[in-house]
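Form predicted alone, single chain, as structure tokens, below.
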Amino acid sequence: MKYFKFILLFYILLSFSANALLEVNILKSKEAAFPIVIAPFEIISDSSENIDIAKIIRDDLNRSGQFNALSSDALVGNQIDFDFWKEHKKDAVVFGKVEQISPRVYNVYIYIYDVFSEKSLYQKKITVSKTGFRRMAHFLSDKIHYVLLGQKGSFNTRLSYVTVTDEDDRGRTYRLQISDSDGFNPQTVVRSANPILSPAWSKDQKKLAYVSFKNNRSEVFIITPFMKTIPVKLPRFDGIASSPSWHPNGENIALTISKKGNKDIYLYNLKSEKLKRLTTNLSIDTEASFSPDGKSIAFTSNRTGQVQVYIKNLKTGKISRATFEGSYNAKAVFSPDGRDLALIHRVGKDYRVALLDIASRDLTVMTRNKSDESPYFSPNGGMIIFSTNRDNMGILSIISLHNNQIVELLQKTGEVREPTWSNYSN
């Protein structure tokens, strides 16, 4: 087993405005990240409103663990002192301006320059409405990530999670919520006095499947969060249903169904409404997750007397054991490239996020927490979001696979758990 070696950590507190559900702490390692300057955008507007696009971009890039993005007032207009930035060991500079063209419409200009070649890498004008600034800033963060690193970012995406609050007049309240990748623009899509579990995005980001106990039993529902429609309950299946996972084609969902006390994994086709059994062992088989190509599932089973992760080839039917280290490995999800699994691995009495190289079986423990749950990859595979416990409070954390940086997303009131990360926006 390999452990990432944690080095000295320091706290950077990012203060969010009232429209952010989650407060963010970055625990940042000293390992080198791409040094970049994101200067404040010049504002040409009749409005006195502060539109801090540069801060949104800096926060995005710093959360990824790939960048050391700083602000500077030394960039004014198109005049760049490349020698100055070389001396200060910055590899790239980004600046721009916001120009109001009507009461609610703006042109946003962005420029990215490489310091050492002194050449423009990217420039763009984007027309955006006043309400679209945050999404546009996340889009620009993704563009900077790609231009400078040659890899997609994961900023113009969404999170889903469950919040739990104790309310004096209503008792415990569960909310299925979605937000931007930075915790802003939270929306409650389901609210219930009964537990909500296991939200799962469809690949096209149009639907969420989840588990609800609203009918005093575990049942799977599907909701289209961006349309005003009521959740649709899947059939009763003659058993208790849980752990939904979307096939990449969006037409099938893998479910754990307990029939006569035995939990197995089934595939439900939403169009034909037919149910196909995928596992037949007398043990507990649960927590299925599809590979990116939809040809395999990873799942949790205790068929050897221990809780381990297995992979089934859906074409050949072959089932192979994936985890061999330790007596407990569960809740596995595939990385976007299909090469790795993120999972929960027990170390002594602690449950921690681990990364498994499927081919080599090399298991790397990523965290030093006591009660991690529900790991899920960012759509570019560069980060893993998971839930954990801090001071007896459920929070979300994001770990960078680049330098092991941890970002904590803390619910302002109550707890937050069961995270998933959407695919890219269409």
Partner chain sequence: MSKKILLLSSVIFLSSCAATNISELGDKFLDLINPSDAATEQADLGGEETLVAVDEYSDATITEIEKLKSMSDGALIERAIAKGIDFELDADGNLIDRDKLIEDLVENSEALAALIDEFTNNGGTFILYFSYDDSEIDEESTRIIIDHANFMQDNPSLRLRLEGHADERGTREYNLALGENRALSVKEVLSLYNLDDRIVVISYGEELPILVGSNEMAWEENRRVEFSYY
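Quick caveat, the model's predicted, so the values are computed rather than measured. Numbering follows the first chain given and starts at 1.
Beyond what is shown, the protein has a form predicted together with its partner chain; the following relates to that form.
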Could you tell me which of 385-393, 54-62, 35-43, 359-367 sits within 4.5 Å of its partner chain in the predicted complex, going by non-hydrogen atoms? 385-393
Given that the partner is absent here, does V211 sit within 4.5 Å of its partner chain in the predicted complex, heavy atoms only? yes
In the predicted complex, does Y174 have a heavy atom within 4.5 Å of its partner chain? yes
Is it the case that K331, even though its partner is missing from this view, gets within 4.5 Å of its partner chain in the predicted complex, heavy atoms only? yes
Answer with yes or no whether V189 is in contact with its partner chain in the predicted complex, where contact means some heavy atom within 4.5 Å. no
Tell me, out of H138, H145, K312, K263, which residue has a non-hydrogen atom within 4.5 angstroms of its partner chain in the predicted complex. K263
If the cut-off is 4.5 angstroms on heavy atoms, which of these, S179, S202, S198, S291, is the one near its partner chain in the predicted complex? S198
For a quick test of understanding: in the predicted complex, does each of I284, I344 and E373 have a heavy atom within 4.5 Å of its partner chain? yes
Quick one: which residues from 289-327 get a non-hydrogen atom within 4.5 Å of its partner chain in the predicted complex? T300, N302, V307
Checked in the predicted complex: CA of R236 to CA of D285 differs by 3 Å or more, atoms lying closer
